[in-house]
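Single chain ahead, by itself, as structure tokens, in the form predicted alone.
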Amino acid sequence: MGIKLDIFRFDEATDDVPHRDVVEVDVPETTTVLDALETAKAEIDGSISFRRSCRSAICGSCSMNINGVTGLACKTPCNTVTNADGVIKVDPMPNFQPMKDLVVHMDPFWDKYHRLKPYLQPADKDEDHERERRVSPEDMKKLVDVANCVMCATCYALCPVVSVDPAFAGPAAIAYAYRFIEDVRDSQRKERIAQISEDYLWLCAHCYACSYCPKHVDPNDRIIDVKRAAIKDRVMINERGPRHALIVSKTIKQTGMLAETEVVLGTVGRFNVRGMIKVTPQALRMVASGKLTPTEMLAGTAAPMLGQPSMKPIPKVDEVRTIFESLEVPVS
């Protein structure tokens, strides 16, 4: 099987701008992209650089962008990604600074991970126990999936929030925070929730891009779990993120619809004059575009202060409330 590898080339030590090289290799149809790169490096150009180790989707080292999709090269068969011209385009992971060819600087990813103190912090000492601390099967079930994370950073590379705000902790760090937050042996639950909240937990847009996980950890679901834990434990509950989540749930449960004016007020703070002044231009743009009438804007502003909803419930609002109750969505 003849394959053309269209490889991103860049060396930060010598290059000002990147370029691309096309390397042709003959490999078996069952070969992976990583094997094809190994062949190209061994037989054609030894300067091609990329990370790899186990070749078994365990170490997470060989994550890269393959024909526009980020994933593990050792888990990607060439015959599934080769285009009609026999070309496979290989690039470094997005959201990272390239170091050399397909190798990227991982420091931002690891810095956010280490901020969480990713190790157990029990309340007592090991010597206080005659044997190891045991966890029930029921408690362990909550941790099995996220413990499969190999820190390949695929989810981080795919995250659009990271691309616009590098301060965001990223899906992997939040998922791993959940792993310790829900571990019954750990004593730092609230401290961990507070740390990940400070690292912009609530910036997650729930776009599900991180659900493309080669180890099926599904970080998006774990992010939801951490947000629920934050609300349940009332950690930083008065921040804008938790307030926004609670007011959205509250208005939909009350009326069956999203009351946008109440959401804005609840998120910003009903008596936060400075905050309200900042969102006034947004409200005016909504009025100008027809999304909101002046009457609705004024009614929505006044109604919460009077303890009244600004929207009437839809005819079958009880069905909506039943959905909320069945999902146990926390609403204050």
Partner chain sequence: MAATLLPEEMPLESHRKSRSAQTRRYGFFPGCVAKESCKELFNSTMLLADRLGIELIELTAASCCGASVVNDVNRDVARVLNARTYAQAEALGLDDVITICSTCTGHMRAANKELLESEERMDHANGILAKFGAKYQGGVMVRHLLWLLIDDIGLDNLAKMVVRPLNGLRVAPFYGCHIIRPESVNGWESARNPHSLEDVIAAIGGEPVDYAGKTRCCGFHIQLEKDNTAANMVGQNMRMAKDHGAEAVITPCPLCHLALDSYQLDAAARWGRTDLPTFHLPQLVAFALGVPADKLGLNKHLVDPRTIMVERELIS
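The term rigid core refers to the maximal set of C-alpha atoms that superpose within 1.5 Å between the two forms. Numbering follows the first chain given and starts at 1. In this text the structure is predicted, and so the values were computed from the model without any measurement.
One more form of this protein, predicted in complex with its partner chain, exists but is not displayed; see below.
The candidate site formed by 240, 257 and 319 is fully in contact with its partner chain in the model of the complex, as each residue has a non-hydrogen atom within 4.5 angstroms of it. With the partner omitted here, the stretch from 96 to 104, 209 to 217, 144 to 152, 172 to 180 that lies within 4.5 Å of its partner chain by heavy atoms in the model of the complex is 209 to 217. Site annotation in the model of the complex: the residue of 120, 205, 123, 140 reaching within 4.5 Å of its partner chain with a heavy atom is 205. Contact with its partner chain in the model of the complex, judged by any heavy atom within 4.5 Å, is made by just one of 194, 184, 246, 87: 246. Within 4.5 Å of some heavy atom of its partner chain in the model of the complex lies at least one heavy atom of residue 160. None of the heavy atoms of residue 31 is located within 4.5 Å of its partner chain in the model of the complex.
Shown alone here, residue 324 lies within 4.5 Å of its partner chain in the model of the complex, counting heavy atoms only.
The closest heavy atom approach of residue 39 to its partner chain in the model of the complex falls outside 4.5 Å. Along 63 to 101, a non-hydrogen atom within 4.5 Å of its partner chain in the model of the complex is carried by 69, 70, in order along the sequence.
Once both forms are fitted on their rigid core, the CA atom of residue 317 lies 2 Å or more apart between the shown form and the other one.
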